[in-house]
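Next come structure tokens for two forms of one protein chain, structure 1 first, structure 2 second.
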Structure 1
């Protein structure tokens, strides 16, 4: 049964992956396919020496670490909170999930309207409290954190959904036994709940790590990497200096570097998560 899946995935991925690796060692330009030339590690050397890439890498890793931690912790707390309710769980679940189902373009634009330093509702509210308006998306002190907050808003529900689903699978008998033994609520949380939903948490951390390292949409629409490159990300770098003007060789090398980084980071979790039993 896994055979057809593997065959389908193989066809759909081996070729493209092979091409990507091959292109990364060439100067391939999509508009000039005939001029393709093997240039060894040229692309890699150039990317790794580029100060703009270093900035993008730094921003991306910082973003990834913060986003993953905040989203996972808030997702866990939200899941515990909603799971502990006696009524209204279903309604709350639906409402809480709303941000994650919105199209990313719409999310970015709605937040842009709210964060506008001209007439944005957030600055309006601040003004009501007597604070000066902030140029949220164009100030080096705030732009990065705005992107982070928007990402947390959108993807905390993702963490919530996975952790909540895992919570449903925790056998009730364990709690009953613990209660008989007189365990406190906190003890129950750390000795029963968390160990039982560890798989779900690791999955959240892993998926959010991969997705947040690819951060692009929000940055592209809201800040274009600015101000002063403080929100530039790796994907955006690959896009600006590669894909955007057809330098597929260069962008493939960038993609491979990014893939290696993700593999390095995630292998830490994967080997933990799937050590199995």
Structure 2
């Protein structure tokens, strides 16, 4: 690696990270830039004692677990279905991948219209069947799961794409040998297909776990963390304090905590991947 490349990487990653770490140990507020002072672990202690942060962390982890499991399972089933077809694979691949190419902001706006209490198509369909309309994004019972459904709709195709690509690398000879030995389709799935594509599945889980923890755009556009903080996430928490209240030092500490969580989860998946290989 050349020296200019190293310098560019340092500027793009190490320098901003260093500044974030530095500010996390200060009381820096953009409204009082000259009053900055070093406060040690004060920001971290306040964050870890904040009930709102506890709720945001719980929501984030709950969302990550549910989204990753559902997206991975649906992606796997879709990949297996399309891979088993004799014809039409190219067309179906294209149709399935359409949601993932849309910008998250566009997806959020489309679903906000569809879920509207007054003119949304989903409530119009409910009314057509004689059911009462639901205030999807402002009800504590439905808001969280609406965002979950939207995320699954958009990113299940991503899981499908990686798993489908892994399926293409499974040796056909293994299936032929299994058929000769009298193995059923279910046995072939669990003893040939799954072991061969496990690396792709773990990659899906790793990438979607990291991305789910960083969930922000959909929440900020659709609910802003409400109602009653039921959809609040770590990134929304950081945004509210960093941008909303100008407390850069405090929000920097939150960003460091989120980074540590991501690194912990990533290390678990990466170590698991190396064991499989």
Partner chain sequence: MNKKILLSIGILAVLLLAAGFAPAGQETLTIAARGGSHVDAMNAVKGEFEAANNVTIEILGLEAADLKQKIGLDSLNSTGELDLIMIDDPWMPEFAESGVMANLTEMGYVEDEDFAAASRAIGKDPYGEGDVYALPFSGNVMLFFYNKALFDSYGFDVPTDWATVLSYAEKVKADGKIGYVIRGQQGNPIVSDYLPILWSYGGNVFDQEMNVIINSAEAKSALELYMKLLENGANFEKNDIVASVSDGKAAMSLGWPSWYISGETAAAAYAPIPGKVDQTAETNGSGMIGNWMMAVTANSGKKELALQFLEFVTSAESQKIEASFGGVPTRASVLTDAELTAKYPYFPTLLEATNNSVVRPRTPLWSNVETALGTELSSAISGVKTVDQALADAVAAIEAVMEE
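Positions refer to the first chain, counted from 1. In this text, rigid core is short for the largest set of C-alphas that superpose within 1.5 Å between two forms. From a predicted model like this one, the values you see are computed outputs, not experimental measurements.
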| item | value |
| --- | --- |
| Form predicted on its own, given as structure number | 2 |
| Core-aligned C-alpha movement of residue 243 between structure 1 and structure 2, 2 Å or more | yes |
